[in-house]
Structures are given as C-alpha cells and as structure tokens.
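Presented as structure tokens, the chain that follows is alone, the form predicted on its own.
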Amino acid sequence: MKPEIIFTGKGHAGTQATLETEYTVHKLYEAADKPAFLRGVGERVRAVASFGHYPVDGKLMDALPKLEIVSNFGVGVDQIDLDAAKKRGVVVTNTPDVLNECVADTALGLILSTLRKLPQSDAYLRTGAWATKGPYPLTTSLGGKTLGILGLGRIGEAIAKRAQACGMNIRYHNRRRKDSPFPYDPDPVALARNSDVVMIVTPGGAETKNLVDAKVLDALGPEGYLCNIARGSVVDEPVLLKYLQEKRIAGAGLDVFADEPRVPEAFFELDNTVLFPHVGSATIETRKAMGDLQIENLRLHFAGKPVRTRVV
C-alpha cells in the first residue's frame, strides 16, 4: 500500500502531481473543517509535504501520531516548529541551494528597480508622460554604492557577487562573523549606518521578527534604501510604511510582506517603492528543482535511506 501523506497547501503543480502518483494524498488545505479532516485521516498519515505558510506545529503533529517526516518546499522553515519535530522524532527537510542563483537574480533586479525606478519609468512611458512632460526624472546609480547584506549565507553571497559586478561595495552582518573578505558590522544598526542599500536575506521566525525596526531605518537615513527578499516578518512593516511616507528613507524594494498576499494598500500610493509578489524563486526551472528535491527527500525516507537535506 502507498504511504499516506498530507499536503498543507496548494503548491507547485508538477511536484504535487508526481506525489499524487506515488502516495495516497490528503489535501488539508481543501478541508473546510480541518480538525474533523485530521480526525478522519490522522492515524494513517506518515508524512507532511509542506507548501506555503500553513503552520506545521506541535498541535498538527499530535493529530498525526504516525508522522515520520515533514518535507518542505522551500528553504525557509519558519512555519515548522522544529523543536516540536525534534521532540517527537520527526525528520524535517527543506530545499536549499537549488534556488540560490534565482533568488539572487531577483534580489539584483529589486535593487536595480528600486534605485533606478525602472517600473515607474515604464509606467511613465506607457501613460504618455514622456511625450507630454519630457524625459523621466534622474534616478540613482548603483556603482560606488555600498550594499549591506543582512544575512550573508549562500543566497547572500550570490547576491554579493552580482552586486559587485555592478560596481557596488559589500559589507554584512550575521549573528556570527564568518570567514569572508567583506567588512563585518556587529549589528543591523551599524550595518545600516555604513550602507547605502540594506538587503535582507535572513531566515524568518521569532528570532528575526521586527529585526529591522525604527533604529535600523534611522541609521539608514533619508538617502538610504531597504530591500527585502527574505521574510516580511523581519521588518516592522507599519514603521517602514511610515518612514517611506515621510521620506525618512529614500525608498524600498519589497518581495515579501508580513501578511501575504494581503499587502497594505498604502504601499500602492507611494512612488518610492517597488513591490514584487514574492517571486524570488519563481521560475519554471527553479521551482521544478525545488520540487524534485522535496520528492527525493520523501523517496529516500520511505526507502529507509538518509534524506538529502535534513534540517532536524
């Protein structure tokens, strides 16, 4: 008999189609009464294929007494209670590395779009303003600017490589200093003070919630830019909105938000923001690679072999 697994959300279609051929799948996200749904199938479920932000917490794990593995689609596992999984002997996997280059491409695009106001200049042309009002106003160059990377992991290093190709200088802050050629700042405030652009690449979760707050934005100042391709929770979003409205920072490029896909409409009224709908890794090739790794982890586990990318 096929192992029984749960999908927490509607995710990558090709990945889910493959999983449905190899396992008996139960779609938690489609259940109107989730507790009743779990009571009906929970005793038989051995794995969770995690898609999106649905919480895989101790409560869900307790409703699945035979749970062995949570295979996550994505690098970030902030929606999974890792302590609860470890306590219950549940394996957790994610999909690192296969998306590094794609996310870094998006990050560079976000920096370019934010400083050069590329979406705004596109709209300027399309509305006929070029013909009626003249050339688009001058914007800001990347060359010679300092990019402060908040979270210099594998993705952060890929971003640094691209930014250097544009003539930017790099510095960084991590919880712990690493062997890196780039200057290190001891905290996010110092990083912001020493940077023209701060790019957030940290994990989400409780440890980084509102890490970028008023103190960091004050240090960035009215000529500084903030870009975020990590998690919306890392930024104090109401404070950021206020600083943008009051021009207390020069601008922001955001691919992630606190309550996706519900983005505060006040952001839409600003001409100093560039907003992406969480497309950091959203290419055909990368999403397939992520799905392949998620599938591989499940296959290895049920074959009695070590998983490839274990988190706990």
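Everything numeric here is computed off the predicted structure, so don't read it as measured data. A residue's number is simply how far along the shown sequence it sits, counting from 1.
What comes next is about the form predicted together with a small molecule, which does not appear here.
Though the small molecule is absent from this view, in the model of the complex it lies within 4.5 Å of a heavy atom of just one residue from 34, 248, 59, 278, which is 278. The contact with the small molecule in the model of the complex, taken as any heavy atom within 4.5 Å, belongs to 76 out of 232, 153, 76, 109. Heavy atoms within 4.5 Å of the small molecule in the model of the complex are found in one stretch of 81-89, 67-75, 212-220, 176-184, which is 67-75. The closest heavy atom approach of residue 52 to the small molecule in the model of the complex falls within 4.5 Å. Looking at residue 290, you'd find a heavy atom of it within 4.5 angstroms of the small molecule in the model of the complex. By the criterion of a heavy atom within 4.5 Å, residue 199 is excluded from the residues contacting the small molecule in the model of the complex. Not displayed here, the small molecule is approached by residue 99 to within 4.5 Å at the level of heavy atoms in the model of the complex.
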